[in-house]
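Listed next as structure tokens is one chain, alone, in the form predicted on its own.
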């Protein structure tokens, strides 16, 4: 049964932050369809100017937006500010990407006219946003879609509607109407209805593999709808020989525990050569022991806030206990200071001796450690997953990295860098359960418009040279 009202709760306090009534799917789609022809007919330069104005509106509201992100997600204020900057920067990146990825081409021939390639928008696009980056990640779909000439219905996660509302207000204040950039309140049932609606031309999704697979199945018999799925990962970070123990430990901690582990690119599995195990684990434990976990606006600033809600915290604690009872050995226990709030300590567990390690995305501050004998075994272990989003190699030589890059199945492959923190100037996506080969970020332009090939002449001119009788 559909919810009639969506209520947003601050993770760090348990207080109600926002509430709103769920929207009417048919009315929202009808409104968008009526708005699309005029928006698509706008010159590209006009659409670009309007999204640039949107960036200026976000700049004006940057403090308010950052504070709201921190309240609604629980992430530290410093991190929310970096998210707001990413929202602003997305505009220039998307303008450049649209020109590069969907540029016009013409080939002239005096006898055959002009061969041209141009791009058209799909129409009405649904953007389904996640809660971990409630402004930046949906914005990475919305801005490219609008530039291309689509209209957008944005349904944020039911856990972060307040940020979604403020984001869309910035579009509307910039002169993009609320029918072209439309905020829609809803839960899972409304999301399903939007995906299946006959008036929707495309679905741009960021979220869990489970939800993404459901969308893919629902639309499998409808190839006319463009579908871009940005899903999660069971991401490996592999450590082989390196003298830089402190740096390696820092990269591991950044990969596993930034955003309280609530990033799709977060390291879930630390795969480590046994000769490096002792010094690396000692250094990681030392660094993790210094991590401040606290509410978003605390002074000194915390490294980590809470996870999104109590249900997520419960599931993570249960997962840690499952590992313990099935062969895992705790390196650092997961603790929860207050059962009424979703604050968790960063936890590490050695799962080397577990006979069956679950291949799931545990979306929180829980890092598994797997000891291996050599680099060959490390690569095999890293690929032992149905996901394929991000992977990092720490240590080794350029030849080792070339081998790692060639053999790892992932859409993001890094060397001596964290698994997370991907650049918006590059494609962002994965394979397997991590995506459907439609990467976002710089390549989002590819799924926001489709190519149209044309041959054109100013006047009709044609002859039939063979096969006609003389009378």
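Numbering follows the first chain given and starts at 1. Given the structure is predicted, the values throughout are model-derived calculations rather than measurements.
Here the subject shifts to the form predicted in complex with a small molecule, a form of this protein not shown in this document.
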item: Partner contact for residue 283 in the predicted bound form: the small molecule, 4.5 angstroms, heavy atom; value: no
item: Residue contact check: residue 316 to the small molecule in the predicted bound form, 4.5 Å heavy atom; value: no
item: Interface membership of residue 83, the small molecule in the predicted bound form, 4.5 Å heavy atom rule; value: no
item: Heavy atom of residue 208 within 4.5 Å of the small molecule in the predicted bound form; value: yes
item: Contact residue in the predicted bound form, chosen from 396, 149, 294, 187 - any heavy atom within 4.5 Å of the small molecule; value: 187
item: Contacting member of 129, 342, 161, 76, with respect to the small molecule in the predicted bound form [4.5 Å, heavy atom]; value: 129
item: Region of this chain that lies against the small molecule in the predicted bound form, out of 209 to 217, 351 to 359, 252 to 260, 274 to 282 [heavy atom, 4.5 Å]; value: 209 to 217
